[in-house]
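Take a look at this one chain, the form predicted on its own, written out in structure tokens.
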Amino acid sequence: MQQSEPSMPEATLLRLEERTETQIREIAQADILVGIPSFNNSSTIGHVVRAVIAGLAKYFPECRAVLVNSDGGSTDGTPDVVAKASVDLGIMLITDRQGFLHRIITPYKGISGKGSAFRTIFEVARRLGVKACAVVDADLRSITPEWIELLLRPVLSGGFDFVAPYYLRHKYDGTITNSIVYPLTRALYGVQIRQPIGGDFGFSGKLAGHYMDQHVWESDVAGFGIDIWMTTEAVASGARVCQSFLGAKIHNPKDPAADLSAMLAQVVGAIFTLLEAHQQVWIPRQGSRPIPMFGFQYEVGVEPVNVNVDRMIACFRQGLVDLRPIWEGMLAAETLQALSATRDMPSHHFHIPDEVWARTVYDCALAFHRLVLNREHLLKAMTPLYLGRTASFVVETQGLTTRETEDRIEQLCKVFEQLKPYLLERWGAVKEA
């Protein structure tokens, strides 16, 4: 990272549960920390913890390591599963483990959400002065011990501050990433981080301290906004970023037509808020560049994701009727006209062009910036737009392979980059007004 981190006075430290404070004092110092946020994940978190234990033992036997489970008040026994999970290292041919893995199992404080859980993990990392951290989701079924090395080794040995995950996913898993987050983040900040909201990250202890110094914990960052915030803050702060190939991400995928409005609003709200905070970073950047990739890449099978195209199209078209007055305030007239032109298309030919979609997202960002209406209402009004674009993407790619679908996402990203001047010209006009 380019900037030094100021030391925080004792009074500003996040107060943790007394038992956790005691454990931190007893541990005193550690080299590595792996954090797992959780809420009612008893059916999956045991596998995650065992993979972490095996990964630390196999790849970092010389390091003092801490596992932190930051729990949101689970009622299904999740913390007990974390406490009891164990691995027979002998049957894994891991016999040279020298250190002892400390476990801190603690409830987090603050707004309910993944971001608040991460805040506790960051604070423990800062107190223990760790060199490298990783965070992994509690519902992963595809995590292996190798993930731990791939998330931590670039920080410990490669001089990187932030490690994003690179997964192979079903072409209809991660549609918020594919249609909004990846193209927009890439066009704005000029780095090709494929999974900016992947959920599983590696980062330096120094970057964890930077995260703790930001006053964002009463915002959408406390919830689903945490992943994109971490990625963007890393890039904007000048941190060295890379990504590691982790294979398949198998979790509990959701139908894009299901109710994702809360997640969409929090993720996109965080992106739009960061636009204002980091204008000096994204405005002058042009194009995009690849970033280093670690890990052996291979083909994997992915679980299918069922989608309901008709439901998504119906929701979008209902928005054209019910939300038209709101969309007229959010979108440029020509953008709304282009979207309205899809009204009578048959479902099997439904199509929202890349250029129209990029302008739609940029228009929404500008409306958010201009405060043309309540920001919460604006973000919620984006859900039918997102569903319309997702339906268009599904119709277009139904007969394509995963590789061919990835090429289509690449084309969309290039359109976002080419149309960035559309955003810049109007953003500048806003500033001058």
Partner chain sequence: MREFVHTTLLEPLTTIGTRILHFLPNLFAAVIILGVGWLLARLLGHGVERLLRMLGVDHLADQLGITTVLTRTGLKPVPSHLAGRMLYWGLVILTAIAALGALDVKAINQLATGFLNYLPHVLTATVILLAGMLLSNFVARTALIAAVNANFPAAATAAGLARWGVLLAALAMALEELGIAENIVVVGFGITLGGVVLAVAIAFGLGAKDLAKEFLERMLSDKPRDRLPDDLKHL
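As the structure is a prediction and not an experimental result, all values here were calculated from the model. Residue numbers count along the first chain shown, from 1.
Separately, the form predicted in complex with the partner chain exists; it is not shown, and the next lines address it.
- With the partner omitted from this view, the residue of D161, D363, E123, D173 that lies near the partner chain in the predicted complex is D173 [heavy atom within 4.5 Å].
- Exactly one listed residue, out of I27, L373, L67, A54, brings a non-hydrogen atom to within 4.5 Å of the partner chain in the predicted complex: L373.
- Although the partner is absent here, A381 is a contact residue: one of its heavy atoms lies within 4.5 angstroms of the partner chain in the predicted complex.
- Interface membership of R169, defined by any non-hydrogen atom within 4.5 Å of the partner chain in the predicted complex, is confirmed.
- The shortest heavy atom separation between S261 and the partner chain in the predicted complex is within 4.5 Å.
- Interface membership of E218, defined by any non-hydrogen atom within 4.5 Å of the partner chain in the predicted complex, is ruled out.
- Taking the partner from elsewhere, every residue among I197, H251 and Q318 has a non-hydrogen atom within 4.5 angstroms of the partner chain in the predicted complex.
- Only one of 200-208, 125-133, 337-345, 302-310 lies within 4.5 Å of the partner chain in the predicted complex by heavy atoms, and it is 302-310.
- With contact defined as any non-hydrogen atom lying within 4.5 angstroms of the partner chain in the predicted complex, V267 is the only contacting residue in 266-294.
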